[in-house]
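Single chain ahead, written as structure tokens, the form predicted alone.
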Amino acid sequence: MNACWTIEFLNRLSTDITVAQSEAASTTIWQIESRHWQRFAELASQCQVRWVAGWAEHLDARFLVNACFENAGVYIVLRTAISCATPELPSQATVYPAANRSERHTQDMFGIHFIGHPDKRRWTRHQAWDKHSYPLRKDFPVHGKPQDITPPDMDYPFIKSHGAGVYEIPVGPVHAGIIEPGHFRFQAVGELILNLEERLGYVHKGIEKIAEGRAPEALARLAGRVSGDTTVGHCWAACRAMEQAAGIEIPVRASLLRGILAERERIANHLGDIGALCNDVAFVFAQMQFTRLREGWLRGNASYFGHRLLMDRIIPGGVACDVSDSACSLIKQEIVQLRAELSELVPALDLNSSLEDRFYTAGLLSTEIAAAFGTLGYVGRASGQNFDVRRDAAYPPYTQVRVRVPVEAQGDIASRFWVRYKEINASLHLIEDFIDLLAAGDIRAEWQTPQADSESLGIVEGWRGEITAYIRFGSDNKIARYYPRDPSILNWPALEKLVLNNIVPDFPVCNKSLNGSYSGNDL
């Protein structure tokens, strides 16, 4: 067992549970009996071990159920096997709220019953397939069993509130814009929000199913489309997992270029979010200026790397694009210009009293709730969660530089705003550092076919936070299982908490301050 995990936890674990440890391509796997599944979670929670992700896999007459945990930057995969004849397992969601929707997704995709789960309602299925069909079982066809018309999902049992003056506000799933569908059901008294319930998963893409049987290059392209605004992050996580499973170490120059791509993606999205936050409180001038800055940054992406959103720039074994010395000089000039623009714009925001009135103390997410739900990235760090994969579980090229991680404790919209701004500055420094470290060399390692059943976990810090990707190879260099966990899967539930006791008109800016990915949630 890994010495980085707390001695208290390891001592308690060895007393209560027998663990069989194995290693799989840099991923530590602890195998336990299914009856101990919930007890492990109880011991882990008592020792402040963080729940990261959960997924399952159908193998012949059994299911492998997995949960990933992290402590002190060290990850382990907890695994148990259950029979397909009686697919039952104690729920970890009774201990970790973060596991709630993950277990509901596994229930809908595999038909696994989590005993004692606090919410039995379907999550992913909606009405797209019948009650006893489970798309991630091996006997379910990849093309599904489509109906001429999918029945409307009219009977989802939303929580009800009763009392004098209590009323409901349904929002979505179709929105007045180009965002993807998601439904929000409010209960309110006057303008005060009493409860919010989310309903996501309206456009199930089938990512996990269509990943099966793909070659590494095709899987990387698919991963880059899990969430379009995080194409670098998801593709990098998937490629890290595949490379570890295949025993491949990518060239130093390739890792530095990946770092530049990831930080450029982070900056572009934070610029867009800052402008959108201002727009949601009618500060249109700031929205126009930050949209302009984002557009210039995206044009730089297209000029230096061949794609505005940096899609398909990361490939198994390295990267698909290089940068010249002259391009590096232009990027540094671009950074100088962006810093100058921000130095003029940000004081105008900081001194704007109407902006302060809408941002400060609104959308409060306490440190305790942020920790309980495992919130990640700028959402978690604005509520005191001081964790960043680039620093705390460092991987190349972040092992070569100092990663500055801004953390706020107030947990309101203003904190999430300022964490974004500080992360932009930190990312600009990182890009400069990576350029300074660039030396001549290869940008792609030769691919090596992994052995059948090779598996690994790829973890990177995306712009929204920690991204995990599980990969298992089958035979002939083909993917047998791919599971990506977007940070939004853990961040979305926090929105239901941070809007409580806010007024209804503040919901749009509360929502934007979190900015969860619908697509990243809806695999």
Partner chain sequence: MLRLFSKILKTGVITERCKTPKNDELEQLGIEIKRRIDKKFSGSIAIREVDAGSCNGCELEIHALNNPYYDIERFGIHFVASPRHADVLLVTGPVSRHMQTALLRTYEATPNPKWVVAVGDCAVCGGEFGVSYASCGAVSNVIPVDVTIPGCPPTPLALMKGLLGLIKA
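Computed from a predicted structure; not experimentally measured. Residue numbers count along the first chain shown, from 1.
One more form of this protein should be noted, the form predicted together with its partner chain, which is absent from this view; the next part is about it.
Peer 1: At 4.5 angstroms, heavy atoms only, are 124, 135 and 147 all close to its partner chain in the predicted bound form?
Peer 2: Checked in the predicted bound form: all three residues contact its partner chain.
Peer 1: Can you check 434-442, 324-332, 224-232, 378-386 and let me know which stretch has heavy atoms within 4.5 Å of its partner chain in the predicted bound form?
Peer 2: Of the options, only 224-232 has residues within 4.5 Å of the partner.
Peer 1: Between the options 452, 215, 282, 348, which residue brings a heavy atom to within 4.5 Å of its partner chain in the predicted bound form?
Peer 2: Partner contact (heavy atom, 4.5 Å) among the options: 348.
Peer 1: Just to confirm, with a 4.5 Å cut-off on non-hydrogen atoms, which of 394, 407, 171, 203 contacts its partner chain in the predicted bound form?
Peer 2: By the 4.5 Å heavy-atom cutoff, the listed residue in contact is 203.
Peer 1: Determine whether any heavy atom of residue 308 comes within 4.5 Å of a heavy atom of its partner chain in the predicted bound form, and answer yes or no.
Peer 2: Residue 308: contacts its partner chain in the predicted bound form.
Peer 1: Is residue 177 near its partner chain? Define near as a heavy atom within 4.5 Å, in the predicted bound form.
Peer 2: Yes, residue 177 is a contact residue.
Peer 1: Flag residue 158 as yes or no: does it have a non-hydrogen atom within 4.5 angstroms of any non-hydrogen atom of its partner chain in the predicted bound form?
Peer 2: Because no heavy atom of residue 158 falls inside 4.5 Å of its partner chain in the predicted bound form, the answer is no.
Peer 1: Given that the partner is absent here, does residue 186 sit within 4.5 Å of its partner chain in the predicted bound form, heavy atoms only?
Peer 2: Because no heavy atom of residue 186 falls inside 4.5 Å of its partner chain in the predicted bound form, the answer is no.
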